[in-house]
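First, one chain by itself: the form predicted alone, in structure tokens.
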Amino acid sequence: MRNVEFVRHFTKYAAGSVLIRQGDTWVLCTASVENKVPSFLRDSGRGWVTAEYAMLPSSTATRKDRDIKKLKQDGRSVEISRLIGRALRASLDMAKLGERTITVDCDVLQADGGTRCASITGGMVALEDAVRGLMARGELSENPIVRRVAAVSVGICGGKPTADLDYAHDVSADVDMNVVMTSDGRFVEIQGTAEHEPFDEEQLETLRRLAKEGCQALFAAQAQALSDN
């Protein structure tokens, strides 16, 4: 596992903000609260959490064009945004959140592999800070966060099971897998692909165990960051 650092309250105006530095992957996660919900949840008493993901032009070695230049959002960004939203919703009791929406924006400042996983892990900290603010102001009477979520990439690189893949490992991996887990030991999502040779059941189980160990380390880092006032 690469070294993971959370810098909370990184920006002034967001309800919750954190810069997560995971090796040379840096992602700014900000949470914004609105007192409205999508139409399908109106008058239900339930809240909603959604996410948006983007890579800044200078986050990679070659400049990445902004989506606005193409007049549409990049397909990869849409897919990752949906993944982050699904992951973060697994942490909440939406009925306790009430009819409000929390949007977590994840902007990649520097990419060296695992940006979607870092966005989920850092986004959880930003989301929790936003909820703490709502509770401190008396807007919530009960904490809607029932568990934390974190994500880690694992793979088989040169025949060796590897956790928390950086870019060099990611582009050469025989198997690449992203795993999202809850702090109570359950899975939210597993995305796995054989890039070259197919993998067998024993390798899959090895990667599952490795991902669980990685997520446990990330949960400990989240807890440490959130205990720092």
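So that there is no doubt, residue numbering starts at 1 and follows the sequence shown. Predicted model, so just to flag it, every value in this text is computed and none were measured.
Not on display, but discussed next: the form predicted in complex with another copy of the chain.
Proximity of residue 190 to another copy of the chain in the predicted bound form falls within the 4.5 Å heavy atom cutoff. Contact check for residue 221: no non-hydrogen atom falls within 4.5 Å of another copy of the chain in the predicted bound form.
The shortest heavy atom separation between residue 142 and another copy of the chain in the predicted bound form exceeds 4.5 Å. At a distance threshold of 4.5 angstroms between non-hydrogen atoms, residue 172 is out of contact with another copy of the chain in the predicted bound form. Scanning 111 to 126 for heavy atoms within 4.5 Å of another copy of the chain in the predicted bound form gives 111, 112 in sequence order.
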